[in-house]
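What follows is one chain in structure tokens, specifically the form predicted alone.
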Amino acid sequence: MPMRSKGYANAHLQRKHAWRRAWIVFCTKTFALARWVWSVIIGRQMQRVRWQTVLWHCTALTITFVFVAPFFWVLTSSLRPLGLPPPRALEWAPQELAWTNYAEIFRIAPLGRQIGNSILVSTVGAALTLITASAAGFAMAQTPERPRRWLVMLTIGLLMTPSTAVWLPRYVLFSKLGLIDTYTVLVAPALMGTKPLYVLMFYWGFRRAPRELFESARLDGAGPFLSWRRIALPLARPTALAVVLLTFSHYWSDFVDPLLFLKSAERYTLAVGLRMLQQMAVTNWSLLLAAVVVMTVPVLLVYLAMQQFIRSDSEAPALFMLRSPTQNFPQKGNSVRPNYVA
């Protein structure tokens, strides 16, 4: 027994020294960064750096801290050992790291299958929304002015309609069609663009494109489908990437639709599984926060993947496997016909 107490004391002392060394390294790096910033503002580079730039960076760092600090707290709190009483104040770094919490949540609840269900629903929903919302936005942008105004007003009116008002009509409709307790009922809103906001985003994106570009394509023999696929989508790829990211996040975190329309537990998504885990482990907040981290990480990975396409102009068109919107359009009088087949 004394040997065990001595070993535990040594392990605790080693962890304490490790945290102290980490804190010293953090303070050293922070001091070095502060010295560099001071040299930029006061030193030789003061003439090249304007105070507006410094103010912009400070504002950006403040906003970043506001969004990153809660996630960092959730990450560190998910590593607290089980059975400990909740801390009286914010605990940014627990004394002991319990990585077994992540394995425990998969043992308590079937999160593996629920993650697969969420990935399936989110991927299919995002792909269908990209097609339907962009097609609807392109049709609105090519409509004459008077009917286009009415369509925009109708879309804004649908956007202002609360989602709770359509729960009962959707349930009755899906029940008559026999779609209750299927994955189809979860991705059915994607056939209508998921949200009117996404249609308006594509509409505003396509309205910025020159109308003469589509008219010249129509004179060269391109129909509406080819103009949408070969010209409109590549020009609106920032909007398309934003819609894909927002739609994936919407279906990934959707809690109401799976709860209303699904009855089988093996078809539940991760959002419902998070609620099940909370009911099974009410007092173990570390397990719940570990599940929150598992649910948040895929959305962050999708965002980082989209960032790569946004930053690279050469790789972004490859997302749609399209060519440049100004390529293969011959001049008037040229006998060579454009190659619209991708």
Partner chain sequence: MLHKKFITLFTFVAIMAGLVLAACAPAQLPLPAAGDVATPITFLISGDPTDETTYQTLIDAFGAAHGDIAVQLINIPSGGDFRKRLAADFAAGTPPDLFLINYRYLGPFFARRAVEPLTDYLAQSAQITVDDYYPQVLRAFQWNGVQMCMPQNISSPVIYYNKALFDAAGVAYPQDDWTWADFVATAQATTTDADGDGATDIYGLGVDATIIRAAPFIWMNGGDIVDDPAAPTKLTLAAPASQAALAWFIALQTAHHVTPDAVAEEAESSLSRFVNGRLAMFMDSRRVVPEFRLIEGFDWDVAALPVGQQRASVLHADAFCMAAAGKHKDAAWTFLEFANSADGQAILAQTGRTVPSRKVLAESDVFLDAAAKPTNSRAFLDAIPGMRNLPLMNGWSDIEGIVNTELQNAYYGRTTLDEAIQSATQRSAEFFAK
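Computed from a predicted structure; not experimentally measured. Numbering follows the first chain given and starts at 1.
Form predicted in complex with its partner chain: not shown, discussed below.
Next on the checklist: Ser175 versus its partner chain, in the predicted bound form: is there a non-hydrogen atom within 4.5 Å?
Outcome noted: Judged by the heavy-atom cut-off of 4.5 Å, Ser175 is in contact with its partner chain in the predicted bound form.
Checklist entry - How about Tyr183: is it within 4.5 Å of its partner chain in the predicted bound form, going by heavy atoms? => result Yes, Tyr183 lies within 4.5 Å of its partner chain in the predicted bound form.
Next on the checklist: Quick check on Leu111: any heavy atom within 4.5 Å of its partner chain in the predicted bound form?
Outcome noted: So Leu111 does not count as contacting its partner chain.
Checklist entry - Applying a 4.5 Å heavy atom distance criterion, does Ser216 contact its partner chain in the predicted bound form? => result Because no heavy atom of Ser216 falls inside 4.5 Å of its partner chain in the predicted bound form, the answer is no.
Checklist entry - If you look in the predicted bound form, which residues in 119 to 135 sit within 4.5 Å of its partner chain (heavy atoms)? => result Contacting residues: Leu120, Thr123, Val124, Ala127, Leu130.
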